[in-house]
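Below you will find one chain, with nothing else, as structure tokens; this is the form predicted on its own, and questions on how it binds or moves follow later.
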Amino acid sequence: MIRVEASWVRSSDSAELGPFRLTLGRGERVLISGPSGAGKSTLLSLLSGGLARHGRGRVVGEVRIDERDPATMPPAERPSCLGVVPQEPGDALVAGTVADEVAFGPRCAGLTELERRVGEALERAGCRVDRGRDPRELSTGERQRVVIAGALAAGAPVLLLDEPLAFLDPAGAEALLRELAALSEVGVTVVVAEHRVRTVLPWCTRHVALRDGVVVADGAPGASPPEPDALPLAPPAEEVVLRVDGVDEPRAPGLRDLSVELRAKERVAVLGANGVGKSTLLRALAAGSPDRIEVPADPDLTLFCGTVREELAYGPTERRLPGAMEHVIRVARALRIEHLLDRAPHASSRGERLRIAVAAALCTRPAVLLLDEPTAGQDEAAVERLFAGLRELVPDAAVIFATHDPGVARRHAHRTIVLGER
């Protein structure tokens, strides 16, 4: 169904792939894994034809999907041949309502029975929001479900999904994998690039591992790796650095009766299903003080400087913090982004951009650090290094983070706040 014979691939963000050959059969369920920056997103962009079609890179070799070049496939034919879910769900949104968003692909392909297709696709994606809502007003996880539904709606025989589980709660992730398995049983080839390897390995029929742009393993899935050991956390201090009694937000009514108290040195995880109000809570907690720094789920919302070095130095320079540049280097080393300092922030992988955004926040030495989905786009080693960096760089700060990964909450939080439960 998919055949790639490429001797060299280079994307516009300087990621390189190859040389490699890859042939995927009809109905296969393929996991593409590898560290952040290994080339997973570049590989999916190659398979979708996006690299060549949009001038995002150079390819020496050929890609065929059902013996057709995806880069030259007519736009009207693409939705019924190929479903693509990008890493950032917001990048795929084109319509003003959920219903129109999901119907966009089938409508472009000239397909009929749009209402039925939209309903079935939303059900498969586990998306139960009002179809008349603007998808941009939804939570990140809900937007991801809408984009997944849009990829499913035209009934394409090939699905390419870049971290589709990144913003889904555990129940939603398991449900989506069941739906994708059911599609593979009727011949749909499903390729998933994902960091939640322990979740996806039992689902896939084939595991392709990348490192530094080349395939280092390709075969039947093996056993799931063990969860990392939890490191001891320093006890919280007595000093209360933040207290909020209730959040008045119409889209998250469950937060009105919630009281949150944070102490210096405390680590708190926020869990809950998609759309329950985790991001809303973090935004509310961040308001009111320059010593509270929030890193949103989309790191691109915070990156605006010409180089990573300038990005990290901006906050401490504005605040006239002593030893700013020395601290920038220390933070960059701790989060393993020192090699990116002279590159443009947006010329990095999604996982690297998130670490850049977190590093920029750490350079301001906040009293309270709020992280929205800090595991998205991160391989497990990078996640562990990030939390180790928090212990080293802001040991006295209160850190509250929203996550869908219960293992991260167990290892790195003194306590959890579970929204949506009484």
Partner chain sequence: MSDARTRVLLVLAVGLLATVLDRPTALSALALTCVIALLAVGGRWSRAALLASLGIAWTTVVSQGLFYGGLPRTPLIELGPVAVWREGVAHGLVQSLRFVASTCAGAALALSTTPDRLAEALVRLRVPWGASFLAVTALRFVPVAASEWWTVRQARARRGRPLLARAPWAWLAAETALLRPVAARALRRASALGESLELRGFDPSVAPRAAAEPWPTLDRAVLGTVGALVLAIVAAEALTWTYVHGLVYVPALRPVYGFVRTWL
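As the structure is a computational prediction, the values presented were derived from the model and not from experiment. Rigid core here is just the name for the largest C-alpha set that superposes within 1.5 Å across the two forms. Numbering follows the first chain given and starts at 1.
The form predicted together with its partner chain is left out here; the points below concern that form.
No residue of the trio 121, 126 and 414 has any heavy atom within 4.5 Å of its partner chain in the predicted complex. The closest non-hydrogen atom of residue 79 lies within 4.5 Å of its partner chain in the predicted complex. Among heavy atoms of residue 157, none comes within 4.5 Å of its partner chain in the predicted complex. Interface membership of residue 136, defined by any non-hydrogen atom within 4.5 Å of its partner chain in the predicted complex, is confirmed. Using a 4.5 Å cutoff between non-hydrogen atoms, residue 216 does not count as a contact of its partner chain in the predicted complex. Stretch 319-327 is the contacting one of 237-245, 319-327, 201-209, 188-196, since its residues have non-hydrogen atoms within 4.5 Å of its partner chain in the predicted complex.
This chain lacks the partner; the member of 84, 332, 177, 165 within 4.5 angstroms of its partner chain in the predicted complex by a non-hydrogen atom is 84. Of the residues given (221, 172, 315, 254), 315 alone sits with a heavy atom within 4.5 Å of its partner chain in the predicted complex.
Along 294-332, residues 294, 298, 300, 301, 302, 303, 304, 305, 306, 311, 314, 315, 318, 319, 320 each place a heavy atom within 4.5 Å of its partner chain in the predicted complex.
The rigid-core alignment places the CA of residue 105 less than 2 Å apart between this form and the one not shown. For residue 365, a C-alpha deviation of 2 angstroms or more is recorded between this form and the one not shown after rigid-core alignment. Relative to the superposed core, residue 353 shifts its CA atom by 2 Å or more between this form and the one not shown.
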